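Take a look at this single chain in structure tokens; it is the form predicted on its own.
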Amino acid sequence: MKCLLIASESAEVLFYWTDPEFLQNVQSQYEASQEDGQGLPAFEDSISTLFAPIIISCSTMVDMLEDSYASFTTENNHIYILHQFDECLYIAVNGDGEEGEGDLRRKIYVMKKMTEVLFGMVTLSSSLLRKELRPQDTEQRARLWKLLQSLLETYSHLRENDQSFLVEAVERLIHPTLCEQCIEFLERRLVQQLNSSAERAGEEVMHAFILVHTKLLAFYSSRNASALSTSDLLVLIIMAQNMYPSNTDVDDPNPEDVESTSGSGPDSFYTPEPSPTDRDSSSSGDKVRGGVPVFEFLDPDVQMAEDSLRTLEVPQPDPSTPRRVFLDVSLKDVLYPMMPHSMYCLPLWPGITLVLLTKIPTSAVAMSVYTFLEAFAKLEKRLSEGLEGSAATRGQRTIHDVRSKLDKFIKALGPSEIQSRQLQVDWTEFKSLAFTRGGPAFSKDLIASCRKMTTQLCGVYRQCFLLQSGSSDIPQRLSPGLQERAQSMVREKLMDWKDFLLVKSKRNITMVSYPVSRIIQLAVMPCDLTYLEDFPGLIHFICVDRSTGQMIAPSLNLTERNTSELGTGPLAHFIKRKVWSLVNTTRRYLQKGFSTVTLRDGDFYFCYFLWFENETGFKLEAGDIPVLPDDSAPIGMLAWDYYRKLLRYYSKNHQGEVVKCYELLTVHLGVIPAEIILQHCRQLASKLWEPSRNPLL
């Protein structure tokens, strides 16, 4: 019983996702009220009618009290979480007890992040975002909603099964030699050849990385590229998994087929099973997505009553067509959010993918638009706070600073496009109000004009980067031939490693077979000790470097062919549930300002530590952690980078130092004395993040 809805203030459905149980429950409610011979209404109309009282009451409370409820629980224990972003109301529902308020709130924020990556700065204008989320063309709407639904399902599947998405940090494959070789290959051969080709249509490859399932094998950024944020990288991994889902039982060879996890494996190579036909993939792929049932009904009446958007056949996009994504860019210490890029997701083998991110030729337009939007947003905020005159224009990037630049920008756009002409009209109106002969007249009367300018600037951005424009015979992307050459080059490089990589991704680090010294490459250690030998009683751990957004943890893969050291029985699943529960518990304590948590639960002892270090590895004195309200954004790095804000807060008292943040979660047997457990945690933390560790990205 799960649902996520995005609606306008007038209860218009902008997007929805439901599981089969929720959909069938809604349909059953309308079956009882329908007269004989009358068909059921479209599901979109049903869900709009069902949620309309909640949406209207929420809007009424905002209008009358300037506040609204954030959550409520019904008599049948259904949990509702609501959050309003501008004029769009997000509602997440759970009725089966599998998700709590924190899970639903996180799902809402992740969905918001998805829309930002897909639509960019259009999300800053509610009226334009409504047009993007609900296109008038039925086929286009079906294609978009199907994409958003599958992205949400992919995220939910990864969060339930992948430790990196549980803690929202990137996991790298631990093989220093191969990683270094691949990074060098991406830099000196692949990216250099792509950027020097005449078939790139003006695009420039800024980032290239290789994924093995969800783990990062190699990542390379060109010298003039901005660092890719952890939040954006996690979303890109979700999108790659959504395009080419991992089926570990099919994709991966048996671990016994690979002689060693520290070499390239035997001379015999894995041949994947034949790809399913369209008939097979449509019949099996629609039933299960990563173990989660997706809209499969046995009742013919319910099936026929499904919304037409669900049953409409949507043509698959061309694989060589890139996906437009909007990512954060930092240039000269200035953050430009939601800058347009093209994402090329090129499958090498099942489970192994090459991803290219390119800078498009007109990206400078997006930077200019953001500069103007920021200036108008600051002015509107100060005017709303009651500041007028010169006080409303203080600070960086004021209207005075961008006035001449905006004049030149509008002139460069030209009057040919309708959006450009409307921008010119609204800008002329704004100048006539703000810059009068008697001096600047910055008063509350300008608020409406500021909002008009915001809408028009977002409209120009939408026209340039989201709408199909230009001559169709001029390709604005890497040519298909160039993409095929890139695939061939990387396949040739990794041909002898593919079996090993697929197994390695499922047994990246193990408690019994992978030596600590080989992970961190410490020559001073006299012998290769395993985690169990070094730390008797340690069952599992997760260590996260929040400064780089990367994590390290023993594998917890409980599939039929890939097992952990705990096996595949009840114990393994029990430990996995405990680890997931521990992460949720520690987040609640961190939200209340606690950086250390120790819990005894039956036969197990759980520990969590958050601490700060300087660049030399010296542990800094623990300070107070800010306490967050219960309805605050979820702690993590995917939907909202809590740790970046925490580092900025803590660094205020350590001026001139590079401050780093780490987290460690451990699970021990309860019979181990507490003082030994704490000693283990200190030793484990120091060994995992030694200064001599391999370069990360």
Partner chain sequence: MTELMLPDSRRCTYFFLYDGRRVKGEGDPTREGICYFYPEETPLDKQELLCGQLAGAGRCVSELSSSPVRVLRLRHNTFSIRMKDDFFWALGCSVEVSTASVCELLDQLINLFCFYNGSVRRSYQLNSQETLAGRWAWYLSHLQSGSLELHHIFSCLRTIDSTNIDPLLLLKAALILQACQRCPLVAAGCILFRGRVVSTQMSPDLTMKARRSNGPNTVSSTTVFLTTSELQYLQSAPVDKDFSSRTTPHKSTPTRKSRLSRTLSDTPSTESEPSDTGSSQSPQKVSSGPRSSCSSVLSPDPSHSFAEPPTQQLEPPLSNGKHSPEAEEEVLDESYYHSFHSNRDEAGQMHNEGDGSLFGENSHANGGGGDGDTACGTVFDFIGAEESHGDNVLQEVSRGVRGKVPGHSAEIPDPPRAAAFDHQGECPLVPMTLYLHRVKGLVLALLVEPHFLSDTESMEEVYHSSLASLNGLEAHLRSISPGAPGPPGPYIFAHFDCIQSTLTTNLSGRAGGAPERPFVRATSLLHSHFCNTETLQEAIIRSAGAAVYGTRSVAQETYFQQHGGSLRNSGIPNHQDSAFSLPGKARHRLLKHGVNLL
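Computed from a predicted model, the values in this text were never measured in an experiment. Positions refer to the first chain, counted from 1.
There is another form of this protein, the form predicted together with its partner chain, and it is not shown here; the text below is about that form.
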May I ask you to choose, among K411, K381, R189, R588, the residue with a heavy atom within 4.5 Å of its partner chain in the model of the complex? R588
In the model of the complex, the residue from T598, T177, N195, S443 with a non-hydrogen atom within 4.5 Å of its partner chain is T598
If we take heavy atoms and a 4.5 Å cut-off, which stretch out of 169-177, 617-625, 155-163, 419-427 is in contact with its partner chain in the model of the complex? 617-625
Any chance all of G602, F609 and E675 sit within 4.5 Å of its partner chain in the model of the complex, going by non-hydrogen atoms? yes
S68 near its partner chain in the model of the complex, any heavy atom under 4.5 Å? yes
Can you tell me if G593 lies within 4.5 angstroms of its partner chain in the model of the complex, counting non-hydrogen atoms only? yes
Contact between L82 and its partner chain in the model of the complex at 4.5 Å, heavy atoms? yes
Non-hydrogen atom contact L664 with its partner chain in the model of the complex at 4.5 angstroms: yes
Partner contacts in the model of the complex for 57-78 (non-hydrogen atom within 4.5 angstroms of its partner chain): S57, T60, M61, M64, L65, E66, D67, S68, Y69, A70, S71, F72, T73, T74, E75, N76, H78
